[in-house]
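Shown below, as structure tokens, is a lone chain in the form predicted alone; questions about how it binds or moves come after it.
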């Protein structure tokens, strides 16, 4: 696959105006590969209308295969959804719950991975249990003790994120999965802050379900995402929401003549059951194009590159009095560095974010944390310019 992607090279992003774009944990700018894919899709519809729809069906087969490769997942275990929230909701409404089942959620999670479970609790009579997500970063011994205690009381499912959106802390998924499965519970993971830049293997990490959107580390556009279901669990799902494309052979009555319009076709016993209707063709074309550089460069190598950048940046931040929330061990690191302003300094994180943006450094500030999130196009020689912009931002009246 020829993508022309090179670490630290922004040639594929000629329209990007920022001196240093460090907001990939929010929204990634599209590359020219994505722009071309979008144009190709639009041109196909403009030139051929309905005839172009057939092309999208084959394209989605390729896209699912690319996403399965990123996840190290088997064929047929991924489906396409509009966003992370839809993927979480689909799974939350499809697990064969029993009244009184207990679900463990984490305070500090992005709401996309809490609200659907809370709604499922209301609908199916579940009990929601809460623990602190950041405890895995600040006191992992206590975090696991709390998890073990809840598992001993009985849990049906644990829902967590691969990477916490504020601090960038990377959770020990395999250790959580081992404990959950030993106690008869399942594991759902929101991977939007890691997929595409942080190593993940659904088999090695023993993940049962996951969901992600494409507009962050996957570097696609908004309005497209992926859901994964462990193949052995898919037949037991009871989808409460389904559409005409959730069935087996959903398109046959449109292409093969009379006699194929039926309403008794079984629902797909795999993640594609959540593809409930016409999908975002543009988003699918964009996401397939965006996965090219990720697969070519390799997620492990992307993670190492981003963390080399963050190593240099973190040293400069702490020298200026900012408090880094980045984990001290590589195992706990993603490609996000969350930081707090210097103690006693009048500047706030939102103020710093605005001042840095004025100086060409784009960051984000979820819940008052200044978040730096480089990806493969960020060059290591950007760091001095970022720190110089920070000096100006701290000194500004």
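Numbering follows the first chain given and starts at 1. Owing to the predicted nature of the structure, the values given are computational and were not obtained by experimental measurement.
Below, we refer to the form predicted in complex with a small molecule, which is not included among the displayed structures.
Out of the listed residues 213, 196, 79, 168, 213 is the one that sits within 4.5 Å of the small molecule in the model of the complex by at least one heavy atom. This chain lacks the partner; the member of 221, 83, 94, 246 within 4.5 angstroms of the small molecule in the model of the complex by a non-hydrogen atom is 83. Although the partner is absent here, residue 112 lies within 4.5 Å of the small molecule in the model of the complex, judged by heavy atoms. Looking at residue 291, you'd find every heavy atom of it more than 4.5 angstroms from the small molecule in the model of the complex.
For the chain shown alone, residue 190 is a contact residue for the small molecule in the model of the complex, at least one non-hydrogen atom being within 4.5 angstroms. Comparing 268-276, 202-210, 83-91, 252-260 against the small molecule in the model of the complex, the single stretch with non-hydrogen atoms within 4.5 angstroms of it is 83-91.
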